[in-house]
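Okay, here we've got a single chain as structure tokens, the form predicted alone, with questions on binding and movement later.
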Amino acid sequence: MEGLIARAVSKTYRSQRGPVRALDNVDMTIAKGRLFGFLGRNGAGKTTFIKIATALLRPTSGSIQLFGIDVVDRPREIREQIALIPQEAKPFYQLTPREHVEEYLRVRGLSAETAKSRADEVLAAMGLETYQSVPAMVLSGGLQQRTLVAMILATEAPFLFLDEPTLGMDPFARRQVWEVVRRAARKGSTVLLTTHYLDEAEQLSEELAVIEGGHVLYQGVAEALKSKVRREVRLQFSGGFTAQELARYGDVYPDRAGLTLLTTRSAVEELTQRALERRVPVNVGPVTLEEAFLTLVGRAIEDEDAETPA
């Protein structure tokens, strides 16, 4: 049995400018027990898809099944199978991390003993032991986010939806979360992860999908997506060069720091020498999932489309 099967899922919103198609005939399959990355810019359709898959929103057309259960026809059964951390979630400021975890598990029907045991385990794994008795209102944003993620992972639900779970965390905390997410998948949970950190998606995802403009452009493994990039090397220039000047060497994309060039190995020596002569910082590295995303979508994952619902 598959974990998730989506068939021709579409969602149209009404707006002052007229109908907006947030999802357009999306087909997607996630194997049971898989750790699956779902990638796209803000406005690409990720959050709309998750809301439909978790029975929070009805599709305009199409269907989604989780473990063979139709999410529209049997929403109560779906909610017993899932745990969700939405991107906009906030903690209860007066509660401590331990209270968040234990109370949430009790609401889901677990015994007090099981709730305490799981809280002990997840708080330690997430690096929250030191803060377990501190009210959320005085915790940093990163610690508040860790608390929310701990709540969801402690459920050990069959299907976990993690929407930007490490947003606002420092690199060390992110890696702690990665290990707990991996452990959840090893225990048998199916995990759907959305993230703007493409290194995170590359580290965690056994398989992934890329959505843009409500269409799924790719589903498969990260290595196969990276192999679609025609170039071998990534160079990032912090000024000193124009896009027109670099275009003859390969594919040029603007980024926050300056320009990214995807090129061949043979061009690296010449370009790094010219950057040295101009005293321009340049970073050289292999093609990553970020460059594969750029090549597939044509824009960086940080670019937003304000006209389209998420």
Partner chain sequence: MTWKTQAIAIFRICYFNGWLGLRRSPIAFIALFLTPLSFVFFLYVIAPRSVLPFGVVGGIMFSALFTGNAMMNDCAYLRLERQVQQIFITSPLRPMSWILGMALSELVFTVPGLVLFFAILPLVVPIGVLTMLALVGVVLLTWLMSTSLGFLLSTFFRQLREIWPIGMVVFTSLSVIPPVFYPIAEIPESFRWVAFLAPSTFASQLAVRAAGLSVPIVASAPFLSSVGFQVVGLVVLTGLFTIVSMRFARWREP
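Fair warning: this is a prediction, and the values are worked out from it, not measured in the lab. Residue numbers count along the first chain shown, from 1.
In what follows, reference is made to the form predicted in complex with the partner chain, a form of this protein that is not presented.
- Site annotation in the predicted complex: the residue of Leu66, Leu261, Leu35, Ala55 reaching within 4.5 Å of the partner chain with a heavy atom is Ala55.
- Interface residue among Arg230, Lys90, Arg175, Lys187 relative to the partner chain in the predicted complex, by the heavy atom within 4.5 Å criterion: Lys90.
- Each of Arg79, Arg106 and Gln144 is positioned with at least one heavy atom within 4.5 Å of the partner chain in the predicted complex.
- Taking non-hydrogen atoms only, Gly168 never approaches the partner chain to within 4.5 angstroms in the predicted complex.
- The partner chain in the predicted complex is not approached by Leu128, whose heavy atoms all lie more than 4.5 angstroms from it.
- In the predicted complex, the partner chain sits beyond 4.5 Å of every heavy atom of Ser140.
- The closest non-hydrogen atom of Glu99 lies within 4.5 Å of the partner chain in the predicted complex.
- Here the chain stands by itself, but in the predicted complex one stretch of 179 to 187, 149 to 157, 194 to 202, 220 to 228, 149 to 157, has heavy atoms within 4.5 Å of the partner chain.
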